[in-house]
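Quick heads-up: it's one chain on its own, the form predicted on its own, in structure tokens.
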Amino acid sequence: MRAHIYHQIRTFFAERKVLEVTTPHLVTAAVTDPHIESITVADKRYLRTSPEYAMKRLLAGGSGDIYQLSASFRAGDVGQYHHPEFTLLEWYRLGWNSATLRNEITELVGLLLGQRTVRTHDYADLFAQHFSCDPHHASVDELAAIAQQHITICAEESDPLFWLDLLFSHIIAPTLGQNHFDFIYNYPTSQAALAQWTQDEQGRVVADRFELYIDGMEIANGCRELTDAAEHRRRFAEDQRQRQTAHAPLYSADEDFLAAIDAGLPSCAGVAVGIDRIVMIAANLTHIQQAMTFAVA
């Protein structure tokens, strides 16, 4: 089944003249994102957490539309839907916006899993429906109080993102993608990662990124990519500040990646799709390790 899915993916992109590329698994810089931990290996090198940085270097070098289907690695990711080594499909489309890319994702996932009705949900609307709150402006105390009404938890956490993630993953996500392809968009800017910012219909500044949920699982994470070099550096510095506050390891920014952004990343939209989770759904499995030949966790 996995081999068949790989064949379908490669045929899909070959028909659309999207170039398959290969970039190193072993890299010299870890990601600064405070919510992702790299696996450190010998000689001050790391296993990549995704091929994103290298693929954007190719885009800046004039590659055109590209995709990659291969393994990535993250420390500490162990659970029903997480494994330290996992398979990502990542691709980038020049000149596209988020809506256009969502349409292509729907085509591909429909091919792999069968067509379903597509629904789109504004992130803020979901919080309003489930909790009667605005996630863009709710205070930490308000979010913590809501969480304690729905989840048995005892935590002292001053970061609103902690509570937003907790509420979304435990309460909202399980309701998504049941007989549908559910896209969530207009995330808070605190969850922008390397997405551009935009304004929603209410004039709020939001992240121009989206996620796809199927059967309660996040399957895809995409966005209109940030191309501003100065803003990249500002976000990397903020990542370091958050890591220092959390007493987490500090990693230097990837200067090769930043040099490529300085040279000019073309306007594009990109997405990463979790292929092991696709296999789980296709084979009606309940744990990610069941979708792997040899699990290491």
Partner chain sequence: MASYSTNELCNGLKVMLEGAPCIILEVEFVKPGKGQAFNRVKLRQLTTGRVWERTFKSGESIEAADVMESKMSFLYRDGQTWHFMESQNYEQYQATTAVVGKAAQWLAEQMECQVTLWNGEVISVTPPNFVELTVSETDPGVRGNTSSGGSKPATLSTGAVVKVPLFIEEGDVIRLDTRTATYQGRSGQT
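Residue numbers count along the first chain shown, from 1. What you are looking at is a predicted structure, and each value in this text was computed from that prediction instead of being measured.
Heads up, the form predicted together with the partner chain isn't pictured, but that's what we're talking about next.
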What is the one choice in Asp77, Glu142, Glu104, Asp200 with a heavy atom within 4.5 Å of the partner chain in the model of the complex?
Asp77
By the heavy atom within 4.5 Å rule, which residue out of Asn221, Ser72, Asn97, Gln196 makes contact with the partner chain in the model of the complex?
Asn221
Within 4.5 Å of the partner chain in the model of the complex, heavy atom basis, the matching stretch of 114 to 122, 204 to 212, 133 to 141, 176 to 184 is 204 to 212
With a cut-off of 4.5 Å between heavy atoms, is His35 one of the residues that contacts the partner chain in the model of the complex?
yes
Give a yes/no on whether Ser169 approaches the partner chain to within 4.5 Å in the model of the complex, heavy atoms considered.
yes
Distance check, Thr227 to the partner chain in the model of the complex, heavy atom within 4.5 Å:
no
Please run the contact check for Ala128 against the partner chain in the model of the complex: heavy atoms, 4.5 angstroms, yes or no?
no
In the model of the complex, do Thr152, Glu157 and Gln191 all reach within 4.5 Å of the partner chain through at least one heavy atom apiece?
yes
Those residues of 81 to 117 which, in the model of the complex, come within 4.5 Å of the partner chain by heavy atom:
His82
